[in-house]
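Shown next as structure tokens: one chain only, the form predicted on its own.
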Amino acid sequence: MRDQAEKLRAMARSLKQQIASELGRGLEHTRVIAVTSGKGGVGKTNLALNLALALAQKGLKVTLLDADMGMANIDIIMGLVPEYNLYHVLRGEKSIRDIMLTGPFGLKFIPGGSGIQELANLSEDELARVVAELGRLDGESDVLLIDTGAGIANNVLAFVTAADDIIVVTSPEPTSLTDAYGIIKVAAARRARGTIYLVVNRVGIEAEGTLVAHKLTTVAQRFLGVEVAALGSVLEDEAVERAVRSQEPLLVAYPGSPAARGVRAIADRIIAASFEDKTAARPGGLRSFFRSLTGFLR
């Protein structure tokens, strides 16, 4: 009788642990990070791709969405040829897993195509189906990193305002800095809920990146009342152009290059700020993100 009672208690403990585990998994949400810029030509897409790879290389499960409408080219940089994209999911022809591709370090890649623009024209039933489809990925990845378009078009602002974290990429040129300030200003006016970060790309020396970041973050605080956190800078590096020509990501083709080291340092700071800091805001999850996104587009 004593042995039987002990077995029953062991089974009860096992069941309790199993339920706790299931509940814990249900509370896990994917963190959505939007990478954006005020203007084109600052290296935003290259940074988004290699940042995603750096995060994956450090042990996070990462999904990358190419949402640069009309200029989507992450697949070209990775040397991939997607047969389907998000548009086919919206039409009900493919599931989200059907269109996903796998890149280096286990990175998952969702080709955007024209799909995001179509979200604005979906019926309520279609929208619910698409959100549910994309929501199935919630918790399967630690990060959904989105390469948005440049500028302040509606589809760009939709991603920026709905994301958990926003990374604004700029270069040291005055026009680029002015446009970066512009997107920070608009994001604040639209009450973007995520933390805004800044990366200064294509700097001559690290001190230049530090000075540029200090100026922009100070101006944003003084005139907009917006706290912008500097993540660091990436050096101008010929290896970046060579990697693009060879259709390989920088972190794969030239992992020891100065630019690659800069990207990995930025990845370390993102992990510290968004995953290791206990005070960091909890991610809302993919369902919440896509509901916000489609609501904004409409």
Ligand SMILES: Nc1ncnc2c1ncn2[C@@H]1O[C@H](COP(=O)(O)OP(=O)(O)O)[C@@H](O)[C@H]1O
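Computed from a predicted structure; not experimentally measured. One rule holds for the numbers: they count along the sequence shown, beginning at 1.
This protein has a second form, the form predicted in complex with this ligand, left out of what is shown; the following refers to that one.
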item	value
Candidate stretches 179 to 187, 159 to 167, 195 to 203, 222 to 230, one within 4.5 Å of this ligand in the predicted complex by heavy atom	195 to 203
4.5 Å heavy atom contact, Val234 to this ligand in the predicted complex	yes
4.5 Å heavy atom contact, Arg31 and this ligand in the predicted complex	no
4.5 angstroms heavy atom contact with this ligand in the predicted complex for Ile271	no
Exercise: Val252 in contact with this ligand in the predicted complex, heavy atom 4.5 Å	no
Answer option from Leu60, Val240, Leu65, Ile266, heavy atom within 4.5 Å of this ligand in the predicted complex	Val240
Partner contacts in the predicted complex for 35 to 53 (non-hydrogen atom within 4.5 angstroms of this ligand)	Gly40, Gly41, Val42, Gly43, Lys44, Thr45, Asn46
